[in-house]
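To begin, one chain is listed below as structure tokens, in the form predicted on its own.
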Amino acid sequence: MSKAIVCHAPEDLRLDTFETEALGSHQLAVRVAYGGICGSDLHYFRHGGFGTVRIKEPMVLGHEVSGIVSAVGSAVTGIAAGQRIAISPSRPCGQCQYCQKGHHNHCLDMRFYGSAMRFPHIQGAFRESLVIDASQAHKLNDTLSLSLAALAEPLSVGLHAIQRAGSVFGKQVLVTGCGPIGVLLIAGLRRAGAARIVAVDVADAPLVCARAMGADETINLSTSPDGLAPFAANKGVFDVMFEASGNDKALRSGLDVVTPRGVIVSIGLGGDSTLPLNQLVGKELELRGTFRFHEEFAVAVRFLNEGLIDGRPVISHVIDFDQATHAFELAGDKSQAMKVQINFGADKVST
């Protein structure tokens, strides 16, 4: 038997007990170590969903997890019990037209942990033990903590956004919204060779983290409402903008400061937006969406394994499994929390 964090309805989070899943020949049994609370998890907890996506049955939350392999299926090679891993939550079918094109994040039969996009819902990974496909397991170096390894998923989101932007090498880059994905994106931009990174938010704490992750300059728009105005000179300064706040106003403001033929990548999910198309057309701007990731997960794990990205500034709190509701409430308080992680107890060594 295994306990899991289950959302039954808005503000109704419970620790429910599940039968242990049977281990298939190509699967691994894993003791979950750490799980990071994502924005989508918060939407399920607070509102029962987002947009048209709604919880219609109790659903285990969570998709940002690390763990320790406890058992190995008979057909699995190259991994043994005791191996510490980051777990990709993405399980595309590999057969549909989009998987065949290499666009696995658009799989028509995607099974992504903790998602109510399909019914029955895809149950999440916030549980004490989990059976995964061997392909989801990414080995960790002995030097990387399991807590930091659980950042691989949000880092992957940022890396895919960078891939969607095209080359950022030597470019002037604006990042609006400095939550966990925004600041991990900033770290990825540093690795990708961005020449200058300006980060914008409406609170000081996220901007401090943005600096720690590699931003050259930060602007708090709540205390400096005209902080972006100088960047609008001569039709705009920034070659690329990443909108990671989900705020409609932030997206529109980018049109003023992005240079003609610049690229705007929208990451944050904030509902519908109204854009001045005359400005988009007149400056020949490119607006691009970005959704999840696929091959970037392995790259994210490598960056973390090799110390090329240090995620320690991003993790603000680690809360024990039995205090899950408190962890979710804390994660929703952006005045004091960045990435809140849940400790599921598999990792007995201090990280």
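Bear in mind the structure is a predicted one, so any value in this text is a computation, not a measurement. Counting begins at 1, following the sequence as shown.
As for the form predicted in complex with a further copy of the same chain, it is not shown, yet the points below apply to it.
Check: a further copy of the same chain isn't shown here, but in the model of the complex which of T143, N234, T77, S224 has a heavy atom within 4.5 Å of it?
Finding: Of the listed residues, the single hit is N234.
Next item on the list: Would you mind picking the one in N305, Q27, S40, T290 that has a heavy atom within 4.5 Å of a further copy of the same chain in the model of the complex?
Entry: Selected option: T290.
Notebook entry, point to check: Any chance Q97, G170 and E286 all have a heavy atom within 4.5 Å of a further copy of the same chain in the model of the complex?
Noted result: Checked in the model of the complex: all three residues contact a further copy of the same chain.
Check: So which of 155-163, 78-86, 174-182, 129-137 is the stretch with heavy atoms within 4.5 Å of a further copy of the same chain in the model of the complex?
Finding: It is the stretch 155-163.
Notebook entry, point to check: So, in the model of the complex, is P120 in contact with a further copy of the same chain at a 4.5 angstroms heavy atom limit?
Noted result: Answer no; every heavy atom of P120 is more than 4.5 Å from a further copy of the same chain in the model of the complex.
Margin query: Would you classify H103 as touching a further copy of the same chain in the model of the complex, given a 4.5 Å non-hydrogen atom cut-off?
Written below: Answer yes; at least one heavy atom of H103 falls within 4.5 Å of a further copy of the same chain in the model of the complex.
Item checked: Close approach of A205 to a further copy of the same chain in the model of the complex, 4.5 Å, heavy atom -> No.
Check: Is P260 one of the residues lying within 4.5 Å of a further copy of the same chain in the model of the complex, judged by heavy atom distances?
Finding: Answer yes; at least one heavy atom of P260 falls within 4.5 Å of a further copy of the same chain in the model of the complex.
Check: So which bits of 175-207 sit within 4.5 Å of a further copy of the same chain in the model of the complex, heavy atoms only?
Finding: If the 4.5 Å heavy-atom criterion is applied to a further copy of the same chain in the model of the complex, 175-207 yields G188, R190, R191, A192, G193, A194, A195, R196.
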